[in-house]
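Single chain ahead, by itself, as structure tokens, in the form predicted on its own.
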């Protein structure tokens, strides 16, 4: 077991208070690492270092930034298996899922490096302004915002770290990263790739430990110009309330709907939902949680979905053939189990699954769910789907839009009119046709409506939000063609 330190100013250092804590496996409780426990004083040190690092990095040409990030991407590729092993141990996800996530790391960095080197401005047609001739030229340029605080969640400890820090670095910003307390080791392994690639001191800093005191100290600091946060809506609202005047990107909660209409391919729909509702033990913002099925086909739908869900193998993350490991903690598993029980007590029907063994829950299907009940309206973040029925497309869209959230949605139909109507009327940042919302290309814009957040991720979109646009007007002496 390796003891890990904080990354501040290009050095791996201990926390000021010399406090430390173990990182344990959510599957079996084994100690898998030991980290420094940062406090507000360490957050201030990290921002101090980032301020200095930014002055170097902002003056580093795009081609030089590109070269360093490309080297970091190559290191991430080389270390993908090591990163996956760390991830699976501290997160509890199956090694198969962890390898899939780790294998995307290098690509995200490369894509970000490219986008950060392609920051084109616009020329301004100033002579279209009444009273202006050809004596002025106007254009816009992009420049980095400055110090960015990135706060990442536990569920995708490499992917969601990189969707924050890689675009930020590519655009010329300095970063202070606060990874989830439950999964800091993956973030530290990813950060090491950038350090070893030659990133200047202070450009990337990582503080580990609790979120309330350290996170608040980072968010409140006036030297921070942008915050990129992924997590719960409650915490996102708290961040917005204390951040002050700075740019915010908040990717928050969801209760993702999937509509299955009576003209849909039921087998295709259930195959997709058997993946989209349960990957990463359902601990995904874009998990398929609320399944809204046309009442005419609901029995056939459940008959098709049930054996596919029962075939999912759960358990030891490193076990042969295991596709879904544990939840992030026993407490989270207890919460999901209680949510399922409450739904059943309220009149829903457990079709299959739901058995709990420590932090592992068998994938569950809960049918006859009241679509306005907490089990459907609140974010579950666990391996269960809630099946409700709709009378028609209008009713289905009404139910899809009935929650406070709007991150991702899926629609299964072979009717073009229904497809177009769903695309236009579903209140969601991403809409998938004939697949669930649990699909993401790293290049695409990604973010939600309503209480699911503000701002967009995806390297091009993130870089746009991590830069400022400056307008430049060059004034000459008025002249004529005489």
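Model, not experiment: these values are computed from the prediction. Positions refer to the first chain, counted from 1.
There is also a form predicted together with a small molecule; it is not shown, and the following applies to it.
- When the small molecule is considered in the model of the complex, residue 54 lies well away from it, no heavy atom lying within 4.5 Å.
- When contacts are judged by a 4.5 Å heavy atom cut-off, residue 212 counts as touching the small molecule in the model of the complex.
- Although the partner is absent from this view, residue 229 contacts the small molecule in the model of the complex, with a non-hydrogen atom inside 4.5 angstroms.
- Looking at residue 163, you'd find every heavy atom of it more than 4.5 angstroms from the small molecule in the model of the complex.
- When the small molecule is considered in the model of the complex, only one residue from 326, 105, 152, 205 comes within 4.5 Å through any heavy atom, namely 152.
- Proximity to the small molecule in the model of the complex, taken as a non-hydrogen atom within 4.5 angstroms, holds for one residue of 239, 199, 302, 191, which is 239.
- Comparing 382-390, 364-372, 171-179, 116-124 against the small molecule in the model of the complex, the single stretch with non-hydrogen atoms within 4.5 angstroms of it is 171-179.
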